[in-house]
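Starting off, we have a lone chain in the form predicted alone, written out as C-alpha cells.
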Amino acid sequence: MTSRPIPYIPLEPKGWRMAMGLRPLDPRKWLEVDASRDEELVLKQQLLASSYDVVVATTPDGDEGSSELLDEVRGFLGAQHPALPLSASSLGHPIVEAARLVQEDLCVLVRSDAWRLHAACVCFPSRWNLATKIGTTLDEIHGPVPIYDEQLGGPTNAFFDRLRPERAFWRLNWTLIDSPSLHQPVGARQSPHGDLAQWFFRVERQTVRRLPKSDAVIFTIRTYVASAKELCEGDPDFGPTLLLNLDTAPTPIQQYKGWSGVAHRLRSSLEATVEG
C-alpha cells in the first residue's frame, strides 16, 4: 500500500486502558472517503476474486440486514459523495456489493438469543479468521481478548441492546505490527520483528449503528496503516506516548497483542534516535 498520512492517533496520554471509548457519530461522517479509495477498492476486488471464502461469510439470517445495508451505503455515497460511481450490480450477496463501494469492512449482527454475526465482508482483518466468527455471539467473537469478559462483556451487550437507529457511534482501536499490508488474515500474534524502522502503526476506525427496517446492527471497520518511524519523526510526542501505552498494558494484553518485549526495543530505538 502507498504510504499516506494517518488521520487518527488513538494513544492514551496517561497510559493504556481497556475501554469501549464510544463517541456519538455524525451521520454525515458515517463512512470515510480519501485518496486511497481507488487503490483499496482494487485490492478488495483482488481479494474477492482470489480468497472469497476467506473474506466473506454469510448466513440466511444476515440477508435482510445486508440488503438494507447496501441501500444505506448507496444512499450515503449519493448524498455525501455524489461524484463517486455507484455500482448497479445485484449479482452478488448484498454485503459484498456494499463492500465493493467503500473502503470499510462491513459486518451485520442480528439479535436472536444473543447478538450474532450473520454476514460480513472483511478484506482487511487484523490477524483473525472470519470463518470462525460467523454465527457466533459478541462474547464468543471477543473470547480470546484478555480482560474482555470482566470489564467489557456486559457493557458491550447492553450497549447493543440499547442502540437505536437515530443514534450511531464510533470508536478507535490500534496495534503495532511489522507489516504494512492491510490484509492480515489469521496468523500468530507474535511480537513485531526488528525495531522501530520496521514497525507499522495500525488503526481501526469502527462505527456502530442500528438499521431501522431490519433491526440489524451494522459494524464497519476502516483500517489505516502508517510507518511508526515516520510518525515518530513527524511528532515528538508520538514515540514517548506509544512507549507509555506499551509499558502500561497488562501482561495478558501484551501477550495477546504480540507486544511482549516491544517496549524495550522501542525504548532503545528512541534513545538511539536522540543520541544520533
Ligand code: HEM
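Because the structure is a prediction, the values reported are computed rather than measured. So that there is no doubt, residue numbering starts at 1 and follows the sequence shown.
Form predicted together with the ligand: not shown, discussed below.
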message: Between Ala114, Val145, Leu84, Ala131, only one gets a heavy atom within 4.5 angstroms of the ligand in the predicted bound form; which residue is that?
response: Val145
- request: Answer with one of Ala168, Leu152, Ile177, Leu101: the residue that has a non-hydrogen atom within 4.5 Å of the ligand in the predicted bound form.
  value: Leu152
- prompt: Can you pick the stretch from 72 to 80, 91 to 99, 177 to 185, 155 to 163 whose heavy atoms fall within 4.5 Å of the ligand in the predicted bound form?
  reply: 155 to 163
field: Non-hydrogen atom contact Arg265 with the ligand in the predicted bound form at 4.5 angstroms
entry: no
task: Mark Leu109 yes when one of its heavy atoms lies within 4.5 Å of a heavy atom of the ligand in the predicted bound form, and no otherwise.
output: yes
task: Using the partner position in the predicted bound form, report whether Gln198 sits within 4.5 Å of the ligand, counting heavy atoms only.
output: no
- prompt: Even though the ligand is not shown here, does Phe238 get within 4.5 Å of it in the predicted bound form, heavy atoms only?
  reply: no
query: Within 15 to 33, which residues have a heavy atom closer than or equal to 4.5 Å from the ligand in the predicted bound form?
result: Met18, Met20, Leu22
